[in-house]
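Only one chain is given next, in structure tokens, and it is the form predicted alone.
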Amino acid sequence: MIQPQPYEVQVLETPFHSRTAELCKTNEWSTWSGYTTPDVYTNMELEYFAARNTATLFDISPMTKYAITGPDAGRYLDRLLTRDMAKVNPGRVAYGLWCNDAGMVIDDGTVFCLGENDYRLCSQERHLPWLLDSAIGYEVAIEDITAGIAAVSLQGPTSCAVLKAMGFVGIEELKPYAHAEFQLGGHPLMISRTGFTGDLGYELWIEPAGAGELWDRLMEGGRLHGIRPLGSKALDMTRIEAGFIQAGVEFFPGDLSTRPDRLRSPFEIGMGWLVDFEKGHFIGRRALLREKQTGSRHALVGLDIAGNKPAHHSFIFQGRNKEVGIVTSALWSPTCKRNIALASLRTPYDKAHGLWADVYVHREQKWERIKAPCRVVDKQFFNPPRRWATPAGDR
């Protein structure tokens, strides 16, 4: 079945919509790249605890997907992204980001190396005009294949056990950031050990015609392993605990902004490790070299905040009175048992004088202001060994 494009209808339905709509008892939905997706199926807290203790399914079909092929596909991606793509071999997945000429981040995403000069780039936002403009001079084909691929994320401690119950022999040997090919009911199925929860997990990619069967088989395979569907609100809780950044939250996509001073570089969102100056030229290299020499304007940090009231969108003060930044994401973490946040701080800031979060709490028709002390910590608040273990365990 030919899928309509986002500009052809008001709201698109993913290939899994018949299953997700039946399970979404709260009727809480939002849009993602033109598709309607569930925010909460039954209860956000129960969905969150399933992600951390059993297994969950999250429909990632709206994720923008581009096929990048042709004799210059590898060279093109090496110029586009800040990391060394020559090191990404077939069967591997690389997380990366790309910048404009000023060294400001346009977006981040994953690149699947499917074969020699055969790649799939996945991102939250749509960037086809930028990708095409950046390809001038290269013998490369770039195609938006979002509508042609159904994808679902299987995450949680029992996710590997679910796939083993479905008969995917050897899946426990799949390494983090690797992918492998399987068959499901006559449909080619790619399984990658990737995800957005910071836990053991996989993403499954199939043609839309096989989406219903895939969802049903996953739910049946996970019946004895505590599987349940996961809404976007519970997913957001897990990605904050993992310290993962999100476009439109920790940074604004560089090709969509009307205020250049609001953009962020890789160094300013804690992604400096993805910048490889040794590989040769890439878009934004000169600007990033200057920043490396002169210093960055901002720093994205993890915060441990006193109390148990999440510091949503709070100002961060140094010495109680000097405003030095804002909280981008916040959460009282049920797993970490800590009040955590990601925050963008202006540099330099002085830890010695103490940092304070300006937290506003609404209690029974009254707003209360709390000045809560906080300290800078590793922003990977949750990073269990099972996430990296090979072979993967069953729980």
Partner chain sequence: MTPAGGAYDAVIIGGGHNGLVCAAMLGRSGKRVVIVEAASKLGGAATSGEFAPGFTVSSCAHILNQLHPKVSRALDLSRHGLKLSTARMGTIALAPGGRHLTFEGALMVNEAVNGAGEVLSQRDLSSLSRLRRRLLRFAGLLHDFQATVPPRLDATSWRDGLGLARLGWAVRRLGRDDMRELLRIAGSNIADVLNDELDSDLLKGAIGLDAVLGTGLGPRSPNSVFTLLYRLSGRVGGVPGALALPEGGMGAVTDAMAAAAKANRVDIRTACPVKSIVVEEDRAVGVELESGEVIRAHAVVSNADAKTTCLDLLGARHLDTGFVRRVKGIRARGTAAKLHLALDGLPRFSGLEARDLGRRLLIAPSLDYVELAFNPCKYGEYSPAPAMEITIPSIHDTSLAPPGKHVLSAVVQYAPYDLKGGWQAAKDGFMDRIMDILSAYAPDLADRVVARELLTPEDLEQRHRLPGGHWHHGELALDQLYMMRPVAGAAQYAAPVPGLYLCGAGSHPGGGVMGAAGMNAAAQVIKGGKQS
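Remember, it's a predicted structure, so these values are computed and weren't measured experimentally. Residue numbers count along the first chain shown, from 1.
Heads up, the form predicted in complex with its partner chain isn't pictured, but that's what we're talking about next.
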| item | value |
| --- | --- |
| 4.5 Å heavy atom contact, residue 138 and its partner chain in the predicted complex | yes |
| Interface membership of residue 101, its partner chain in the predicted complex, 4.5 Å heavy atom rule | yes |
| is_contact(residue 248, its partner chain) in the predicted complex, heavy atom dist at most 4.5 Å | no |
| Interface membership of residue 117, its partner chain in the predicted complex, 4.5 Å heavy atom rule | no |
| Contact stretch among 84-92, 274-282, 167-175, 184-192 - heavy atom within 4.5 Å of its partner chain in the predicted complex | 274-282 |
| Listed residue (124, 296, 318, 134) with a non-hydrogen atom within 4.5 angstroms of its partner chain in the predicted complex | 134 |
| The single option of 130, 252, 267, 196 touching its partner chain in the predicted complex, heavy atom within 4.5 Å | 130 |
